[in-house]
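Only one chain is given next, in structure tokens, and it is the form predicted on its own.
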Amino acid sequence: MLEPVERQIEQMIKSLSHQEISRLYSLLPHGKRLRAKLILYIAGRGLESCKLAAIVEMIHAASLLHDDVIDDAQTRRGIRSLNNLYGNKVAIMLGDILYSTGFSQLVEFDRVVAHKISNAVTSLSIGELDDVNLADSFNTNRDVYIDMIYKKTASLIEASAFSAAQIAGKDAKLYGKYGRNIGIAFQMIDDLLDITSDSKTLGKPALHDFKEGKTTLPYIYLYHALENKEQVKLQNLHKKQCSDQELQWILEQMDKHNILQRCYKEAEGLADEAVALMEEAKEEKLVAIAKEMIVRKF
């Protein structure tokens, strides 16, 4: 299904006439291609939709390259990250090249589509900045967290669904709402997996986010469930290389207060809303994607 999208990406990379860029791009893992699938499911496999899917996936790849530098990530989907292999400068520059290549192709699209995608990239970048700034202290505000993950993750998924519907002559706002819901649910589940999955599955140590200063939804809800003395203890563990005993205490407290179940239910609620929207629109494949958001293991 995604072969036409991959060919479009290859052509865009090849058009740069730079062997090193082609080689570096070939080292990047493809991942789930969620955004591309959404676009093709909504708008079909025509040339315009395949090209838009390729642009969005290049933009997404660029954001991940920058994200890995910011997080000092050593792996990406179980393999060594580009910044680990070749350093931050190479990773940043390849990200810039992918961004600019995507934007140069985006100008050929309908103004509404180009505006929606470009605005989402701005939101994505602001969300990344917010994520970095929030790591300076222990965030206890759920709304601040939701706003950040919407910008950082959900905005481009929302824009992909909206733009595909715009191309296909469908209700763009309806499909955009679907994209927003599954984007937020996707990130919520990602944050849960950081706590519940083993290191081998994740490609990084479990509870890595908390050590890096990320106060995700489970930690926010746990903080508000604890007594004052325990709240202080949790805050003192923030951004710390915790001992096994300290990590075990966090997990025990989450279990005691049903924190993970609460977070899962919240993500499930968003996914259920998305399912209802697409069932009404008779979009079986999009219904399946929304359901997959909350049952995935990585």
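For every residue, the number given is its place in the sequence shown, counted from 1. Quick caveat, the model's predicted, so the values are computed rather than measured.
Below, we refer to the form predicted together with a small molecule, which is not included among the displayed structures.
Stretch-level contact analysis of 172-180, 146-154, 111-119, 222-230 against the small molecule in the predicted complex, using heavy atoms and a 4.5 Å limit, identifies 146-154. When contacts are judged by a 4.5 Å heavy atom cut-off, residue 81 does not count as touching the small molecule in the predicted complex. Under a 4.5 angstroms non-hydrogen atom cutoff, the small molecule in the predicted complex lacks residue 263 among its neighbouring residues. The small molecule in the predicted complex comes within 4.5 Å of a heavy atom belonging to residue 125.
Contact annotation for residue 51: none of its heavy atoms lies within 4.5 Å of the small molecule in the predicted complex. Residue in contact with the small molecule in the predicted complex (any heavy atom within 4.5 Å), chosen from 234, 28, 251, 70: 70.
Contact annotation: of the candidates 62, 259, 271, 40, the single residue with a non-hydrogen atom within 4.5 angstroms of the small molecule in the predicted complex is 62.
For the candidate spot formed by 33, 160 and 291, no residue has a non-hydrogen atom within 4.5 angstroms of the small molecule in the predicted complex.
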